[in-house]
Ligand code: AMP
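Quick heads-up: it's one chain on its own, the form predicted alone, in structure tokens.
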């Protein structure tokens, strides 16, 4: 069976592998297609495509947008997007600035708790990519305030932790519309992480195209649960490893691969836009 992995991160957001490294690992995993879905960034797509052409792998232009639903972060994946659209790139620049402001607010809260880390140190970790909480976690480990990336999130930075600051405000409807406005297909990422399945029919009414139905490695529920939900609400299926590299999170490239016919259905939907 031909397989694909449509949820991969690189150093252009919070992954630790370059786009070129991701493509080469996908080749070793015998994948037919992948999608680079960096958080609020598309700057790694060209490099991935250049290597993929040499290795004979299909790279689907993608992105993972952060939106706010009932005060919580949720993620909407976009596939087959026109990642060179100027209006879209302008939005991403706003999101990037919003992420920097968020990091500044989080660090101010940490400083008030006696954890003396600097904004400059965190931005240096992000390099040319968009900055996020994983980069703060790395600095907390280096400075000796926690012993691991996981502890940083459990103790301070996690969604249920004491340190919180909102990202650039974007509603799910706006995220879906933005993806579709550039020819893309919108897919709810890792729905099992939100503990509120009611979001699926609600977003389906707002134009959501699909959901990830391949569960992450730590999913303890019925593995067919989201497949049935996709069928119930007439949504397309997708999935992937949510690979982040050495930083952790997700699974190795290809471990949560999907049948290539999922890709064909997503592509068909995109071609109608």
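Because the structure is a prediction, the values reported are computed rather than measured. Positions refer to the first chain, counted from 1.
From this point on, the text means the form predicted together with ligand AMP, which you will not see here.
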property: Listed residue (129, 132, 98, 192) with a non-hydrogen atom within 4.5 angstroms of ligand AMP in the predicted complex; result: 132
property: Heavy atom within 4.5 Å of ligand AMP in the predicted complex - the one residue of 143, 73, 202, 104 that qualifies; result: 73
property: Contact label in the predicted complex: residue 244 to ligand AMP, heavy atom within 4.5 Å; result: yes
property: Residue 167 within 4.5 Å of ligand AMP in the predicted complex, heavy atoms; result: yes
property: Interface membership of residue 27, ligand AMP in the predicted complex, 4.5 Å heavy atom rule; result: no
property: 4.5 Å heavy atom contact, residue 149 to ligand AMP in the predicted complex; result: yes
property: Listed range touching ligand AMP, judged in the predicted complex by heavy atoms within 4.5 Å, from 80-88, 132-140, 168-176, 116-124; result: 132-140
property: Heavy atom contacts to ligand AMP in the predicted complex at 4.5 Å, residues of 10-36 in sequence order; result: 14
